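Just one chain is shown here, as structure tokens, and it is the form predicted on its own.
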């Protein structure tokens, strides 16, 4: 069985250090954030992010007001402005936080595997499990993508392409070793990405059918391997 064997294991063993991520956000927005006490800064940033995602996923980011964010966080509007200059600044913080986390965890899990088959299984499972742990962020980033300004839209598109390239590099490594038989590694990677996205975009559908993330991950891995592997090498 792979080290990255199930969602429960992933949740327990993979540390998504929100505190470290918030500290990174502070470093990037040092000039805008007026709070200097680290403990207070980290705690309130997490409250703000959680509240902004909750409101945005219910009503849309553009419909969110500073007043509604103030009510959800229990912070004054003046207190909120100590952390960001406006909604666009908050949006950049939210999106950057997610991108950093996903890139870091995906690469970490893939680098622990030693062969192309294990790397591909780990990449698929890690991406799906991340989308479950960070479901509000994934749904937010997908739904808000079409409303983003040019700069943020370009960053989101680049992040999606980078994930596809990660899958493609693994597939190409397998092709070079004679393990995978694929005509177009990048197109195959795009299809894998689409299968992963279906989980967090249409989560309601799988919940209604009582499909767990473990079951869905295993199914996607089986589909991809049946397409990529030599028939004689399949176990």
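Residue numbers count along the first chain shown, from 1. Just so you know, these numbers come straight off a predicted model, no measurement behind them.
This protein has a second form, the form predicted in complex with a further copy of the same chain, left out of what is shown; the following refers to that one.
Visitor: Considering non-hydrogen atoms and a 4.5 Å limit, which listed residue (103, 155, 71, 147) is close to a further copy of the same chain in the predicted complex?
Guide: Selected option: 147.
Visitor: Please tell me which of 28, 54, 202, 43 lies within 4.5 Å of a further copy of the same chain in the predicted complex, judged by heavy atoms.
Guide: Of the listed residues, the single hit is 202.
Visitor: Looking in the predicted complex, is a further copy of the same chain within 4.5 Å of a heavy atom from each of 89, 96 and 132?
Guide: Not a single residue of the candidate spot has a heavy atom within 4.5 Å of a further copy of the same chain in the predicted complex.
Visitor: With a 4.5 Å heavy atom cut-off, would you call residue 33 a contact of a further copy of the same chain in the predicted complex?
Guide: So residue 33 does not count as contacting a further copy of the same chain.
Visitor: I'd like to know whether residue 222 contacts a further copy of the same chain in the predicted complex, with contact meaning heavy atoms within 4.5 angstroms.
Guide: Residue 222: contacts a further copy of the same chain in the predicted complex.
Visitor: Is residue 209 close to a further copy of the same chain in the predicted complex, meaning a heavy atom pair under 4.5 Å apart or at it?
Guide: Residue-level check for residue 209: yes, a contact with a further copy of the same chain.
Visitor: In the predicted complex, does residue 9 have a heavy atom within 4.5 Å of a further copy of the same chain?
Guide: Residue 9: no, not in contact with a further copy of the same chain in the predicted complex.
Visitor: Can you tell me which residues in 135-165 come within 4.5 angstroms of a further copy of the same chain in the predicted complex, by heavy atoms?
Guide: Read in sequence order, the residues that approach a further copy of the same chain (within 4.5 Å, in the predicted complex) are 139, 142, 143, 144, 146, 147, 148, 157, 160, 161, 164.
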